[in-house]
Ligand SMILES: Nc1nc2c(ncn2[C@@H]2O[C@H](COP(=O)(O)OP(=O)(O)OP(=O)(O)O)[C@@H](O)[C@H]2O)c(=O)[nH]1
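Have a look below at one chain only, the form predicted on its own, in structure tokens format.
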Amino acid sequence: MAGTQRYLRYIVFALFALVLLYFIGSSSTVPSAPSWPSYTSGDKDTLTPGKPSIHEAEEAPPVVATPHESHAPAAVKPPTTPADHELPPATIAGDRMNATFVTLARNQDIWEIAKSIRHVEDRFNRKFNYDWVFLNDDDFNDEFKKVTSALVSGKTKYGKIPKEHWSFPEWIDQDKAARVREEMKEKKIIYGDSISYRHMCRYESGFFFRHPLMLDYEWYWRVEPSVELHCDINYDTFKFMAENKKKYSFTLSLYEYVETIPTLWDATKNFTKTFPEHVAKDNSLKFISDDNGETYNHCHFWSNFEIGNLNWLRSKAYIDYFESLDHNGGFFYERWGDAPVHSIAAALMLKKDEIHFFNDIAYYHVPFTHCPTGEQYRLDHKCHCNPKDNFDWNGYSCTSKFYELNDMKKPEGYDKEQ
């Protein structure tokens, strides 16, 4: 009896095996459906479009579609991801100017300058791919280079500032300079006791444009850590400057701290008496003086934003001015900033129509904002600044003086956005 049951089980297993083989064999004669690549949101295994996921790469060959045949529904477009974390290629056609961005920074500024780069790239440079020069009084480390080069769409260059450009000149009385810093500290003057800030102001005033890396360029755009651009810029600002014969530009202007430059104007007047040939006709003296040059009204262009011509800064006129100021000692015996130095030089040495106000470049550097006047412009250029934060028409701004000097009509609606 037991043997009979055992034979029956063998027969049942055999019949089951035959049925299974039949179905397997019959299914192999039916064409299989193509393997659809999966592009679900959040799918970490998805590669670039047209490639299988990492789980499929070794098993399923990629699906190839001819121009007349597609294996995917026409209405379905998988999301794209820039390869190797690259920014999109330049989208504005045409020749580029011989220009670069330039930043003075240290390794510890990495994340603040990274924010600035993103603003500049997203709003402007991804369309043009201009180079970027980084300068430091020390060596840049690998992390700084790696992060910044990944963010910039053009080439990045890293330079070390020569020690003689970032130190006390031999003619400076160190004891006198130290006493000045201590006095300014007691008076709570901003950066009054800082040695490095003074080196920075002197370097930006007289040396950055002569660094070997900068000698390759004719135009520069200065960018500092923690700045923001609030509107799209859809044209080449460097080309605009060249085509319109501009040599210096700004977005914000204001009055300088009187305590930091008590003798700067006296030093300037001594310079103009010695080098009268360097003073341009039809200049912007009225922007910086309310009494025909007798005194300085302390107006200056805020130099943390500048787009300018490097050949002008390298000119004999500007170099003579800087060297006269440098030997005067005011960078260390007072606290002369590069902003009033650049501004006075531009106002005296350039024709007034060679200086440009970029109303359309929305810019922020703590604590001031330039937000373009005019609602339609802000909408068209995807601006995200609050017009009520605009500093232009504030009483401490000098931009109104610039408009008056150049007989410019203030933007429509400026009075409603104050």
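Position 1 is the first residue in the sequence shown; the rest follow in order. What you are looking at is a predicted structure, and each value in this text was computed from that prediction instead of being measured.
Same protein, other form: the form predicted together with this ligand, not shown, and the subject of what follows.
**Student:** Where does this ligand sit in the predicted bound form: which of 322 to 330, 188 to 196, 205 to 213, 170 to 178, heavy atoms within 4.5 Å?
**Tutor:** Careful reading of the contacts points to 188 to 196.
**Student:** Select from the listed residues 200, 317, 233, 133 the one whose heavy atoms reach within 4.5 Å of this ligand in the predicted bound form.
**Tutor:** Partner contact (heavy atom, 4.5 Å) among the options: 200.
**Student:** Report the residue, out of 267, 348, 97, 104, that has at least one non-hydrogen atom within 4.5 angstroms of this ligand in the predicted bound form.
**Tutor:** Exactly one listed residue reaches within 4.5 Å, namely 104.
**Student:** In the predicted bound form, does every one of 182, 258 and 334 come within 4.5 Å of this ligand, counting any heavy atom?
**Tutor:** Zero of three within 4.5 Å in the predicted bound form.
**Student:** Going by a heavy atom distance of 4.5 Å, is residue 109 a contact of this ligand in the predicted bound form?
**Tutor:** Close contact exists here: in the predicted bound form, residue 109 approaches this ligand to within 4.5 Å, heavy atoms only.
**Student:** Residue 365: heavy atom within 4.5 Å of this ligand in the predicted bound form?
**Tutor:** Heavy-atom contact with this ligand at 4.5 Å: present for residue 365.
**Student:** Residue 166 versus this ligand, in the predicted bound form: is there a non-hydrogen atom within 4.5 Å?
**Tutor:** Contact check for residue 166: yes, within 4.5 Å of this ligand in the predicted bound form.
**Student:** State yes or no: in the predicted bound form, is some non-hydrogen atom of residue 137 no more than 4.5 angstroms from a non-hydrogen atom of this ligand?
**Tutor:** Contact check for residue 137: yes, within 4.5 Å of this ligand in the predicted bound form.
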